[in-house]
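In the block that follows, a single chain appears as structure tokens, in the form predicted alone.
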Amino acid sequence: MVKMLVPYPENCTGCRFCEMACTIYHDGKINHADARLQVHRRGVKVDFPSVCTHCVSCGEDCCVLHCPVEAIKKKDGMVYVDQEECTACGECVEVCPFGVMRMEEKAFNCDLCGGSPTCVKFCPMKAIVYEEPKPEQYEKVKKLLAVEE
């Protein structure tokens, strides 16, 4: 079975270590805005990670379906952006229900740090786990994202 990043919003404390670990690994600096996953806050006690690496429960909002040049592809279930084909139109960023498609010169998303996700290693509360898919966990995140900030 394919492993993926599975969010456990009930475990998140909002420490944002996962975002820091992500940007240090990828960019060599701390920049929460560039992290390939995001921690959201919905009140004093409600924080949760949002991440997506595989097609799980995006439905009609799937970035793969909306990419006008088919630059977003799947391999072994994992979603990735073909940098040669991406035109940086931003459609994927707009439709991503998890808010984790990122854009610089081209679109990009989580690459699982080459198979050993750094965010998982640094999450002290196990709010993100690298394991077999659990669609119900993504549904929890989608419901939390639907709540107004």
Partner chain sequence: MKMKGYTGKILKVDLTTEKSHARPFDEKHARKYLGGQGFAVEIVYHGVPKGADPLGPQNVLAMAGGVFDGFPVGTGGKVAFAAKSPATNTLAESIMGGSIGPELRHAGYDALEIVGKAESPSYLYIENERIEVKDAADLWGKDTRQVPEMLKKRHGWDVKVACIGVAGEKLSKIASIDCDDRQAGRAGLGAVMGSKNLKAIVIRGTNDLVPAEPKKLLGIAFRYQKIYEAAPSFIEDTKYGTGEFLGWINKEKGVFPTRNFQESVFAEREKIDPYYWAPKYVTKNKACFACTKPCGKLFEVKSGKFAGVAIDGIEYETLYSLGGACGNSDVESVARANELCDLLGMDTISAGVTIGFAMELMQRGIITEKDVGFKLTWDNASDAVPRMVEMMGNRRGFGDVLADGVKVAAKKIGKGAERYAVHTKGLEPPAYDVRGMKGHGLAYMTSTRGACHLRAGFYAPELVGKFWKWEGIDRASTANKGFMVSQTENFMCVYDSVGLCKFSRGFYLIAKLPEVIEAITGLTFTEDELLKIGERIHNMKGAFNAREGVTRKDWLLPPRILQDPIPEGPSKGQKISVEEMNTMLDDYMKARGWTMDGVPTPEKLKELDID
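Positions refer to the first chain, counted from 1. Please read all numbers here as calculations on a predicted model, not as lab measurements.
Another form, the form predicted in complex with its partner chain, is not on view; read the next lines as being about it.
J.: 62-70, 39-47, 80-88, 93-101: which one contacts its partner chain in the model of the complex at 4.5 Å, heavy atom to heavy atom?
T.: One stretch meets the cut-off, namely 39-47.
J.: Report yes if any heavy atom of residue 10 sits within 4.5 Å of a heavy atom of its partner chain in the model of the complex; otherwise report no.
T.: Residue 10: contacts its partner chain in the model of the complex.
J.: Using a 4.5 Å heavy atom cut-off, state whether residue 17 contacts its partner chain in the model of the complex.
T.: Flag for residue 17 set to yes.
J.: Could you tell me if residue 114 has a non-hydrogen atom within 4.5 Å of its partner chain in the model of the complex?
T.: Result no; residue 114 lies far from its partner chain in the model of the complex.
J.: Would you please decide whether residue 121 lies within 4.5 angstroms of its partner chain in the model of the complex, comparing each non-hydrogen atom pair?
T.: Contact check for residue 121: yes, within 4.5 Å of its partner chain in the model of the complex.
J.: Suppose contact means any heavy atom within 4.5 Å; which members of 18-43 contact its partner chain in the model of the complex?
T.: Going through 18-43 in order - heavy atoms within 4.5 Å of its partner chain in the model of the complex - the hits are 20, 21, 24, 25, 28, 29, 30, 31, 32, 41, 42, 43.
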